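Presented below, as structure tokens, is a lone chain in the form predicted alone.
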């Protein structure tokens, strides 16, 4: 099975390992991710803050390419790219004049045919059907992840049909449970980590992340798991600073969901580049004899 795939800028840069893992994991599950040709940046949060038209037009070009690809579905692992693309598609569908204006400048027109999927929308049904379970080489026993969704996966700036509970999503918990891990119930799974404010308002961002980390630690988590590159990066890259500033003794690896699925299916940490994390991430797996 083949499905269209939009990696977005981050998966070709700071979170390149997420791109590599996604392709490896889905290939194991019988799905080939076919990257759409000549895609562009979706604008992320920056475009919406500076130019509303641009925030619709940038993802629209990718939608036109995807619509012309012949695929019926496109998966977008990055939460920000997923959100921006869905919002663009929704607004274009509800505004014929805007659609006509944008399509007039596009070589490949937006037709609205393609269905946009998050990475969890592909993983959850395969966990529920037992397909992931059939591929497991080693159950992730002893792993107690705090599933961290961040603020973009289930919240949108317009009415949108969300495939999970908005305030208490369960997609990652379903996948982690299928892998043999014991995901924890905790209070900060959809709170904001500060996103790009970690650059221009570090104090605020570190404060937000400290609350997220303190609650995860208090609930007994021994790691985080995320689908969002920005959330993963912040909690991973700034963790030492957070721990020192807010007196947090524990150190928690911050895994992508693809890393946990891959480890359970027998992929090596080297293949998935887990050793590239800022917060050491292979030690816990070794301690639990998962690798």
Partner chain sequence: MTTTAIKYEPDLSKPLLHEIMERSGQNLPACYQCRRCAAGCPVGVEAGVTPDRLIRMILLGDREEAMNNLLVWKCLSCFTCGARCPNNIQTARITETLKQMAKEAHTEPLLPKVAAFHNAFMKATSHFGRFNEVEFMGIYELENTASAVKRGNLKIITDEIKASSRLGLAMIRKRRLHFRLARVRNLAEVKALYKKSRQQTDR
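Source: prediction; values computed, not measured. Positions refer to the first chain, counted from 1.
The next section is about a form of this same protein that is not shown, the form predicted in complex with the partner chain.
Considering non-hydrogen atoms and a 4.5 Å limit, does the partner chain approach residue 27 in the predicted complex?
Result no; residue 27 lies far from the partner chain in the predicted complex.
Are any of the heavy atoms in residue 276 no more than 4.5 Å from a heavy atom of the partner chain in the predicted complex?
Although the partner chain is absent here, residue 276 would touch it in the predicted complex, with heavy atoms inside 4.5 Å.
Consider residue 71 of the chain shown here, and say whether it contacts the partner chain in the predicted complex, taking contact as heavy atoms within 4.5 Å.
It does not: once the partner chain is placed as it appears in the predicted complex, residue 71 has no heavy atom within 4.5 Å of it.
The partner chain contact at residue 128 in the predicted complex, heavy atom, 4.5 Å
No.
Would you point out which of 148-156, 174-182, 132-140, 115-123 contains residues with a non-hydrogen atom within 4.5 Å of the partner chain in the predicted complex?
Going through the listed ranges, the match is 148-156.
Can you work out which of 248, 31, 265, 237 has a heavy atom no more than 4.5 Å from the partner chain in the predicted complex?
Contact with the partner chain in the predicted complex is made by 237 alone.
Does every residue of 93, 162 and 225 put a non-hydrogen atom within 4.5 angstroms of the partner chain in the predicted complex?
No, none of the three is in contact.
Enumerate the residues of 33-65 that have a non-hydrogen atom within 4.5 Å of the partner chain in the predicted complex, in sequence order, or give none.
In sequence order, 37, 38, 39, 40, 41, 43, 44, 45, 46, 47, 48, 49, 50, 51, 52, 53, 54, 57, 58, 61 come within 4.5 Å of the partner.
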